[in-house]
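Read the single chain below, which is given as structure tokens and is the form predicted alone.
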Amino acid sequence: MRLKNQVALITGAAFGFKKGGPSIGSAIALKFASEGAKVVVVDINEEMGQKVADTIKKKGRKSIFVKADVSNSDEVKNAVKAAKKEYGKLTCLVNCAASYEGNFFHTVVDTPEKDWQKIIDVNLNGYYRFAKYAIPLILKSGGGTIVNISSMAAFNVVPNFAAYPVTKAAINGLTRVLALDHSPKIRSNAICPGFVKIANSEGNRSPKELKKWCDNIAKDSPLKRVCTVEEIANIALFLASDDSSYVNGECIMADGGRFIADRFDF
């Protein structure tokens, strides 16, 4: 029970949109609940978000669902208020909500402004908004932790994919700023996953196509497999618990060593 007496608000915590399978956010929500935390599930997808909260409650733990668009400040404020109203405090914020929609597979020149703005407003500004409105409550609650879900893309960019890695690099910068400005009451860290098998992938691909995708990714990984959402949830648990009591301002790569392999493959 490493998170006993903790209250965690997790954005992007709904099950996968297509088939209702696990996502990174839902895996973190379930893991935190199993370790004793009261969980505020936040997502724009009401049906799948409510299912996560219901799943937690069926296991005898406490959880509520709050529908919120992270690009809407009023809805962000409402989610934080809901945590305070239901549980009286907030001790952990996990920013996980992300957008992959729009024409993001382009250079900066070719990316439409509306699509650039959308991904910035969700992936970066959404993290800013929740930090802005959750931190005062975390401080009033005696302190706590922030865990931001970033990406390997913050370090290892590829051609014709401009907007997404820009937001993830900015999230790493935001994480360090939060760690500096709000210590010692709040520790802030980021997780930078590599390729993760998630429900969204399952929904967009047939089982055969998904296996082929995973096999292709695995070939280039020193660990010869794709990461699971549960493995990312375990890192989040470490960062939110006292097990990481002297870890602050870090951006932890969780890519199975792929970044190192790409850099030194000669």
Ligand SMILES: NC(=O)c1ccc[n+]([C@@H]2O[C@H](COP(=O)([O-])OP(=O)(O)OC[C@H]3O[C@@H](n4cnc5c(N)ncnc54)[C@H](O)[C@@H]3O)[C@@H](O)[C@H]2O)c1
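As the structure is a computational prediction, the values presented were derived from the model and not from experiment. Position 1 is the first residue in the sequence shown; the rest follow in order.
There is another form of this protein, the form predicted in complex with the ligand, and it is not shown here; the text below is about that form.
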**Report entry** the ligand in the predicted bound form: contacting segment from 56-64, 237-245, 42-50, 29-37, heavy atom within 4.5 Å
**Finding:** 42-50
Requested in this report: Decide whether residue 198 counts as a contact residue for the ligand in the predicted bound form under a heavy atom distance cut-off of 4.5 Å.
Outcome: yes
Requested in this report: Using the partner position in the predicted bound form, report whether residue 134 sits within 4.5 Å of the ligand, counting heavy atoms only.
Outcome: no
Report task. Look up in the predicted bound form whether residue 194 has a non-hydrogen atom within 4.5 angstroms of the ligand, and give yes or no. Result -> yes
Query raised in the report: Taking 4.5 angstroms as the cut-off for heavy atoms, does residue 151 touch the ligand in the predicted bound form?
Result: yes
